[in-house]
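A single chain comes next, written as structure tokens; it is the form predicted alone.
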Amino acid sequence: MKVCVFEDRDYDKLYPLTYLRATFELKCGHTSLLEKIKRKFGAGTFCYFAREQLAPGLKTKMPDESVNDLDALRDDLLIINGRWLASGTDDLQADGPEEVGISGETLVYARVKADTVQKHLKDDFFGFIDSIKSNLKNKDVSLKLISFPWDLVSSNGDAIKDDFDMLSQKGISGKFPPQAAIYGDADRAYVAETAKIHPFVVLDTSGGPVIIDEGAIIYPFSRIEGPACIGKDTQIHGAKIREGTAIGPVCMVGGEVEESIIHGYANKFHDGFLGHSYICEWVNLGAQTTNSDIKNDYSQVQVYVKGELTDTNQTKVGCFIGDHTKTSIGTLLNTGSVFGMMSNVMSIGGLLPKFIPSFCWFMNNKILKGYGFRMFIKTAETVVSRRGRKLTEDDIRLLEYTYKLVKPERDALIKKERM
């Protein structure tokens, strides 16, 4: 049995989080959606289907597994939608009769025998998916799919608990001085062997587990309330990390963070509040950057999705910020804000617009084109080099593709500003 994880056609409802990554690379809890799927189905053979522009990066990350190769499908298959948020309690087995698991109109999974694959597989992956969906037995299922960015945030606390329960090791292995404390059940904490907890740190497990991964450093006067997880090589600087928060790897975080996901390689070093938000890689939030995650009238929050305001049916929704975007000191973000990737956002002394497009500057209350694509790349190269990384040619090609993809949206808003 081969497991095929695919990215379906609704990836754009998760922009700006999915400009540079497949849906199954998004994080919820301590691990990505793909890591949860792999954990559930063991060390079998996997293959992947995603947008063609993402394929080079995926092949680099997973050199021993096939990406966008139709020939890899000629086997008994378990096909899984990459937006599935798998948990340890989900009852989905790799083996079983041929069937298609459906949530609404969306294929969540399919079990398909090799001869059926041969019958329906032509030269188009989605044509194959549509064909088996039409011809095999359909079964309504209640498995959780991530449809919008705020779904990741609202599911984060439970995902952390599930990730903790699946850990092979628990307890305190790393440096934990007598001046630090665990408030709650010590069995609900995991401090990795190479992690360092400084004096005057509190890990509060009374509301859920706390995970401190390898190489993480928790500096004095930090309080971390579970469920929470601090990823590899992440530094927490005198911060209040509230429940439902997942940070890292390789982040530097201070201030107050509540029910948020900081995907990795991002900085929020200084004071300021971040709540109910998803922050992508290589983002830097300037000192005193603060977002609102609830409206003063406690009404439901609307968020821009594909250019349209969309009801979240939630009262607590923060911000969603794409890769490489930077905010200046004192930036104030409105409830339900969406900032695209690789933008430079500067404070105006009050709340910013709820939507700022990718690859632009926002300053003096206007959207500007900045100094162009090459300058954005130059800045990104400087940023990643500070973490010992390098932009590859594949990275730059993907950034250039995305720059062209979002150009109509960006140009329209710049033109509107000028008018």
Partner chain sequence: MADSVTDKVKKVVSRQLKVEESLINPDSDFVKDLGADSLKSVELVAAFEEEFDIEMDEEAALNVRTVGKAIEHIEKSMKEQGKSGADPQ
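Only a predicted model underlies this, so the values are computations on that prediction, with no experimental measurement involved. Numbering follows the first chain given and starts at 1.
Not pictured, yet referred to below: the form predicted together with its partner chain.
S.K.: Would you kindly say which of 354, 369, 51, 38 lies with a heavy atom within 4.5 Å of its partner chain in the predicted complex?
M.R.: Result of the distance check: 369.
S.K.: Please tell me which of 60, 382, 364, 392 lies within 4.5 Å of its partner chain in the predicted complex, judged by heavy atoms.
M.R.: Result of the distance check: 364.
S.K.: Given its partner chain in the predicted complex, answer whether the residues 79, 133 and 144 all have a heavy atom inside 4.5 Å of it.
M.R.: Contact check failed for every one of 79, 133 and 144.
S.K.: Please pick out the stretch from 61-69, 370-378, 28-36, 384-392 that is in contact with its partner chain in the predicted complex, where contact means heavy atoms within 4.5 Å.
M.R.: That would be stretch 370-378.
S.K.: With a 4.5 Å heavy atom cut-off, would you call residue 403 a contact of its partner chain in the predicted complex?
M.R.: Yes, residue 403 lies within 4.5 Å of its partner chain in the predicted complex.
S.K.: If we define contact as a non-hydrogen atom of the residue within 4.5 angstroms of the partner, is residue 21 a contact of its partner chain in the predicted complex?
M.R.: Looking in the predicted complex, residue contacts with its partner chain do not include residue 21, since no heavy atom lies within 4.5 Å.
S.K.: Just to confirm, residue 287 within 4.5 Å of its partner chain in the predicted complex by heavy atoms?
M.R.: Contact check for residue 287: no, nothing within 4.5 Å of its partner chain in the predicted complex.
S.K.: Looking at the partner-bound form in the predicted complex, is residue 192 within 4.5 Å of its partner chain by any heavy atom?
M.R.: Because no heavy atom of residue 192 falls inside 4.5 Å of its partner chain in the predicted complex, the answer is no.
S.K.: Give, in sequence order, every residue of 401-418 that has a heavy atom within 4.5 Å of its partner chain in the predicted complex, or say none if there are no such residues.
M.R.: The stretch touches the partner through 403, 410, 418.
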